[in-house]
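Consider the single chain below, provided in structure tokens and representing the form predicted alone.
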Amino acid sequence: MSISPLYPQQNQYRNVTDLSGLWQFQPDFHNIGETQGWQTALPNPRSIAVPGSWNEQHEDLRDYTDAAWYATDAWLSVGWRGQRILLRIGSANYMAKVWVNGQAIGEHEGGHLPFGFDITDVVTWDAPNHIVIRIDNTLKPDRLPPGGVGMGGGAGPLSGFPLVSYDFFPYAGLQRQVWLMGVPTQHIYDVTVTTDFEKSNDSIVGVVAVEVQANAAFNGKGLAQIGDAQVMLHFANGTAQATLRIANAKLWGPGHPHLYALQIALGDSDFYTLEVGIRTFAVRGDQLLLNGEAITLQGFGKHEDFAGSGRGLNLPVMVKDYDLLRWVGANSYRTAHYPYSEEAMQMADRHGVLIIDETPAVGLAFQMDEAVVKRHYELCVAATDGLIARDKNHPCVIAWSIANEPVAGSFFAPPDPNSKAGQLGQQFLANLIGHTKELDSTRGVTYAGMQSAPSAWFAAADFICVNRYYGWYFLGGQLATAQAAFANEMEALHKQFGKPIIISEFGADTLAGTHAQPPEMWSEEYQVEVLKFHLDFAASHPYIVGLHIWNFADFKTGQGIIRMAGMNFKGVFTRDRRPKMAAHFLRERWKK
């Protein structure tokens, strides 16, 4: 059994040390480190900050995406003796191999999600423990997301550098915390919470179903408690289930993000506290329902991106972003195009922000070699499993997005659903959506589809997310024609499926400080006009249940002829979080 997906927690039974700080670091330009014994000592290290992307910290590494080594030393307190010692790595892009005191302890593939190992048998107590992590972020077509190929699975004049199948920078490194943890030999491995509520006269009774899993066969008793409500847990072979009923419950949602502290005790050996929000989510007809009432999502696509830290966890910037979401009147966002940090999900819980939680499956192209497509499916399943295991208890997460902009051919070619790639893509997405529903039936499942992909692929989705760039990539500069084309497509899409539609991306690149009258492309006025015709259409068509503008803030991309200064400038805020005209326009519309 791997280490627990539960977030690290310090309490009377558990110990935690965050190893964030300055680590030793050495790029492995010639891939010689392991044969030359770097797992024991780096021969010529430099300093690097963890968490953080190496591409933003050293000028010779901006475009470097291959192998590099991290090392640090960490003491263990004698107070941890008798516990299981775990090493937890929050995010390592992309392949990681780990050594402790010169001994290899494991490998992991995939960035953005936590992983770790039990290192009890290799640690020392009378000397610092030498922790070494080799990371390989080589851009390869059979990784997730694909690298070494351009958008649509090929290459061409619009492809940038570094060459990737997606429109954001391929940051590398230890981009979230590395933790040492001490847990009891018999400990709580996982907790799964589902919530419902019942109305009784003028009050609400919250129903909190809890399943607790121990790390090994345990047949004793435990306790689950929220305030005055408590229930005994009777474990059989390491698993216990129980239901708590909360009188006069307060429901969780935007504007009222009430959280309860769920306390779990495993006999007298372990204890864990989890923040719980009581809420329900459903899709009915043309509506998304939160707590039985129709909701409309207004917000953004985002990125984890900032100067200096790259995609590395940057808590001050994260807090600033949530303050700006409140200021502009947004209630939601999509974690485009990968799982965001656990702290971001905690903030969303506490601020009442609704999340469409996305896997790293961006850039899938089904005309690629079938062996590569099969490999991508295996990686998508693993990423979906890991994301749900990590985020299943967050009330903020109302839906899973299993992919972004998969294509059946050229990125800008007309879709052919009957082609071999079209049929392969439809089966791939339907199977992945079905797998996700088996893991979690309490949330919606969708994916974000682009213009040059068959609409038939949406058949298996609970609701439709479309990325559309009328007025920018399509009919750029032709606002009236773009508006009419957008309206026609949305009407046809709704007629075809009869499902709620979220415009999950739309917008225009905008250089802050550039103005034009009449509005023209790249000006702040033009961005406002593009956003306005989408918002106006949605306001008069109730089946449009969400608008997520691309993007919250300008972000770094590779270099290329369509990316001035290596940036995507579609943010309504600049990269350093200054509002453009569009941000003020949205605040005026959304605050009403």
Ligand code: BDP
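On a predicted model such as this, the values are computed, not experimentally measured, just so you know. Note that residue numbering follows the sequence shown and begins at 1.
One more form of this protein exists, namely the form predicted together with this ligand; it is left out here, but the text below deals with it.
Listed residues 117, 235, 377, 473 were compared with this ligand in the predicted complex; 473 is the one with a heavy atom within 4.5 Å. This chain is displayed alone, yet in the predicted complex one of 215, 309, 195, 467 has a heavy atom within 4.5 Å of this ligand; that residue is 467.
Contact with this ligand in the predicted complex, defined as any heavy atom within 4.5 Å, is confined among 37-45, 523-531, 56-64, 548-556 to 548-556.
At a distance threshold of 4.5 angstroms between non-hydrogen atoms, residue 541 is out of contact with this ligand in the predicted complex. At a distance threshold of 4.5 angstroms between non-hydrogen atoms, residue 570 is in contact with this ligand in the predicted complex. None of the heavy atoms of residue 357 is located within 4.5 Å of this ligand in the predicted complex. Contact between residue 88 and this ligand in the predicted complex is not found at the 4.5 Å heavy atom cutoff. The single residue of 502-521 lying near this ligand in the predicted complex is 505, the criterion being any heavy atom within 4.5 Å.
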